[in-house]
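Just one chain follows, in the form predicted alone, and it is written as structure tokens.
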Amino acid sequence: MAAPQSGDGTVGKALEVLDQVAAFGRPVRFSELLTGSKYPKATLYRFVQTLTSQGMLSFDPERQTYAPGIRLVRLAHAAWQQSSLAPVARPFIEALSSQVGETVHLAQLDHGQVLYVDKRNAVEPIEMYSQAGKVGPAYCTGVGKAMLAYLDEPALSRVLAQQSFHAFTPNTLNTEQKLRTELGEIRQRGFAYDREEHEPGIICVAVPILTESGRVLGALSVTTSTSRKTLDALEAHVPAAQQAADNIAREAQSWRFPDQTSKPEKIGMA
């Protein structure tokens, strides 16, 4: 989930608390939330109680812990069905993974981050960070760079301003200028690489999923480890990945996906 913008008021603050709970990846005690919270104890407690009463958090009285609630799960499922490429793309990424024998990721941009919305493992899966529902950096992942390369300049500048450019590995592109140079190369060749830029030993080729007008819907990647294949060998799967991306884009044409890189329209008061 993207961080709320300044000026979002009570709703934005409540979403920050939800993000904080979810980030633990396990049920969490109030004292743990308080340790990492920027809000005073009374304010945080009020948010937690409101979120719990609304079903967005659940409370275990025996363990005295909070976790994402069932109502939030229902909303997440609805978002997956209505705003995610996953339902449309699933048969195509399954077929692609079976064809190439490697892991296939499906991702979309979420306010400057990569949101992995689906994943199909190879017959012999390898351990890696990316899982459906996780977010990752856009500037140093194959799917992220494949999407960034096809944004228009205003949208690209907004997204780049949100990147940390932290060097995860010696291969990470850790400045905006280095990334912009690579994005130009991606547009020329039509696909992106991940050269162990986010995780050591993990490489991929990635292609954008574009509408007929060139709007970015998402991206998919064929991913493996350096212990199994070289990047040159992986590049042989690019045509199959591009065909899958074209099929997904064609099926998605009748869908209306939210534009994750633009600011919401301001509605004036009557």
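Values in this document were obtained by computation on a predicted structure and should not be read as measured data. Heads up, when I say rigid core I mean the largest set of C-alphas that superpose within 1.5 Å between the two forms. Each residue number is its position in the shown sequence, starting from 1.
Another form exists, predicted together with the DNA; not displayed. Remarks below refer to it.
Of the stretches 199-207, 38-46, 231-239, 213-221, only 38-46 has residues with a heavy atom within 4.5 Å of the DNA in the predicted complex. The DNA in the predicted complex comes within 4.5 Å of no heavy atom belonging to residue 25. Heavy atoms of residue 64 reach within 4.5 Å of the DNA in the predicted complex, making it an interface residue. Residue contact with the DNA in the predicted complex: residue 54 places no heavy atom within 4.5 Å of it. Looking at residue 10, you'd find a heavy atom of it within 4.5 angstroms of the DNA in the predicted complex.
Residues are counted as partner-facing when one of their heavy atoms sits within 4.5 Å of the DNA in the predicted complex; in 208-233 not one qualifies.
Residue 248 is not among the residues whose C-alpha shifts by 2 Å or more between the shown form and the other one once the rigid core is aligned; its shift stays under 2 Å.
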